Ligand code: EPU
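Read the single chain below, which is given as structure tokens and is the form predicted alone.
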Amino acid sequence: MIIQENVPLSTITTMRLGGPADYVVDVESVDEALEAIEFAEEKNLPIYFLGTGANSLGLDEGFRGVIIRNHIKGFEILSETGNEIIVKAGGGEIWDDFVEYITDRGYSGIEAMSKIPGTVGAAPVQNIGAYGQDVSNTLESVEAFDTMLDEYVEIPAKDCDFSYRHSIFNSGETSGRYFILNCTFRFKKGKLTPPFYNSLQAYLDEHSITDYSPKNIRQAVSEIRAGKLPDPAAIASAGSFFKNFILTDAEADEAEKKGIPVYRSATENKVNTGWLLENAGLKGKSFHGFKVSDKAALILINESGESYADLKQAEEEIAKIVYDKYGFKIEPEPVIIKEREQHD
């Protein structure tokens, strides 16, 4: 367990903003995770759980508490038959390494989520997803330390209250309560089936790919993302900055009447906020040091922004332009590093 003091949040988040955290503790095992939590409790300081910092934003005032970063590694095959595999992955494993591990074995379920930055343990928190797949489709359960009950718990996926970018881990009274140690997933052999999102279908058509195997889809998604999304290690950003919209059938019909494209599947109707940003003329525009990417409008790049206050101003001005043109109130996707709210 490594303990550091007065660590700038700008150095541990990919948007590179934020003042100092009192303590940052890196843990590599379940036992160390418990030690880190006890360390915070002994000092009577709030705790914030963090992965790679790819989807988190630091406030200018920093964080008066203990940030615990998950580096718990390892993959364990719990069972494998001819067509199905159940795998436990450490919460600190890099998500894309896990995607590669699964797709290399011919299993489907997360290949369309290739190259999403972050850790396995962070994936259920926002129910990450891309190109029609999300974590809730394959997650079986989460092993976590419950800081309220002060004990280890296993939470079945059905009790995680998953929806678009939502779970018990980031919402309501249970937000920030659990330190996710391991995640167990179930995958089956198979292939994705059309219809695909436009950018994915265009890539498949351009490269004459008709075999939608997990490895082929992973390769396609990886190439698409490499061409559009900045490497957060090289360019300051927080991945997709704005959430997409999930609409009812009636809302989807109304959006299409306004000329807004809607991706419809058996489970959801989605409006791509990137399309709204681009068609509102925002692609490539800069606000208070933050630039709407000229390659993928969902990405907000920190070119010269010096504070969270700058980012907030940029976010609000961008949102107003989209609302004035299309009537959609866009919302940021990254979470803010702050003390968990207390509830009676």
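Note that this is a predicted model, so its numbers are computed, not measured. Numbers for residues come from their place in the sequence shown, where the first is 1.
Below, we turn to the form predicted together with the ligand, even though it does not appear here.
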Among 295-303, 58-66, 308-316, 39-47, which stretch has residues with heavy atoms no more than 4.5 Å from the ligand in the model of the complex? 295-303
Even though the ligand is not shown here, does residue 275 get within 4.5 Å of it in the model of the complex, heavy atoms only? yes
Distance check, residue 130 to the ligand in the model of the complex, heavy atom within 4.5 Å: yes
Mark residue 88 yes when one of its heavy atoms lies within 4.5 Å of a heavy atom of the ligand in the model of the complex, and no otherwise. no
Residue 168: touches the ligand in the model of the complex, heavy atom cutoff 4.5 angstroms: no
So the ligand isn't shown here. In the model of the complex, which residue out of 101, 197, 212, 203 has a non-hydrogen atom within 4.5 Å of it? 197
Name the single residue among 107, 242, 185, 95 that comes within 4.5 Å of the ligand in the model of the complex, judging by heavy atoms. 242
What are the residues of 51-88, in order along the chain, with a heavy atom within 4.5 Å of the ligand in the model of the complex? none
